[in-house]
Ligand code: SAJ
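Given next, in structure tokens, is a single chain: the form predicted on its own.
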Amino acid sequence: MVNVIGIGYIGLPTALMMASHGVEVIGTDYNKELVSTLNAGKTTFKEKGLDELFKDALNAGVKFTTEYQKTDTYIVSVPTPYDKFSKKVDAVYVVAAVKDVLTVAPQGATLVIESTVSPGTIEKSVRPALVEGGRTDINLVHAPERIIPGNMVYELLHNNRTIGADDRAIGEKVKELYASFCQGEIVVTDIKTAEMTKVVENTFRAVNIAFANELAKICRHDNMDVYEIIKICNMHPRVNILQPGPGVGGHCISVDPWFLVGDYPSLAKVIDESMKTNDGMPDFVLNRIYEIMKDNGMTDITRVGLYGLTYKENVDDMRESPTLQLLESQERHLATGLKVYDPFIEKDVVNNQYHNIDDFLDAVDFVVIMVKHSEIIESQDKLKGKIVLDCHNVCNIEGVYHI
């Protein structure tokens, strides 16, 4: 049996995928409401294919509880925030989960950390917890998650995986467990290498996005079309520039690269500047709103609406959302009034939030497309007659502004 600790955005799909492929799984979380919802047969967030996977897993006998289980394999999938001052990973949730596992884990159990951590975190933070608890018999493994909201089910099945272990034989056993569902290549290596590869993957994307965002700023300064320039450059066989946007969100690309900056401040200079560039994009968009309002003789900020609250399209995940960052920046400047709408966010999470696209559009004259949900792409006709700042280059209507 596998006990998955933390059944949120990563732990839940992982538990369901294993259960639906013949592995006996019990998911554990301290959040009683979350556990009750799952036991009532309902998923806790929206994700393509997740409801179907949930049904398969329920039929296979997956269970959910607030209690830790006595078993031979544990998978820890809890959040790993970072200290915004030091930029270092905060492993407090991982360590707390590990300590709780040690109270029930039998001798020789395997503890798999899926949570993303900076290189050396398991050695510096997790292993000491085993030593303090007198449990050096526990096998430590790191198998960093590699999935993205909006495509989780597919990526769980098809993405390559990395297994880092102290003992090669234990690593191979964990590889067999993941091979029960993973159709991608599974590489077994040491723990620190596994830690580093996951952080490096997300850092590579963050730096590439920052390059695109910096290009957008340069092109805006001299009135050039950044999208046309990127399109032409990407025709070169060895060039692959990503697209600029209003900022970077989620719990991977916007967070993980800071781990390297925090641990290697004198070495990670390019990464540091790249992250600052990405973090500065919501302010850049806010300034674009001001410029466009000025160009159009607009003075009423309450007639401006932000389309999208999530950090990416067609999901309900708002973690580190650029829209939330922009609203926070506006508040710091002692200003309020921007209207907000997102088809995937049903509850009120910010002021002036709408829950119907037509009501939202009726209430504003200026629409800022912060997230490229399918809804807005398919509803472009409704934007005619509005001032539009398209932060993703998805609108085909005439007169649209860009970042």
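Everything quoted here is computed from the prediction, not taken from an experiment. Quick note: we count residues from 1 along the sequence shown, nothing fancier.
Absent from the display: the form predicted in complex with this ligand. The rest refers to it.
In plain terms, the part of the chain that comes close to this ligand in the predicted complex, with a heavy atom within 4.5 Å, is 198-206 out of 185-193, 84-92, 198-206, 268-276.
Interface residue among 249, 282, 171, 119 relative to this ligand in the predicted complex, by the heavy atom within 4.5 Å criterion: 249. With the partner omitted here, the residue from 178, 74, 311, 258 that has a non-hydrogen atom within 4.5 angstroms of this ligand in the predicted complex is 311. Proximity of residue 215 to this ligand in the predicted complex: non-hydrogen atoms within 4.5 Å are absent; the residue sits far from the partner.
Under a 4.5 angstroms non-hydrogen atom cutoff, this ligand in the predicted complex has residue 253 among its neighbouring residues. This ligand is not drawn, but in the predicted complex it has a heavy atom within 4.5 Å of residue 243. Interface membership of residue 149, defined by any non-hydrogen atom within 4.5 Å of this ligand in the predicted complex, is confirmed.
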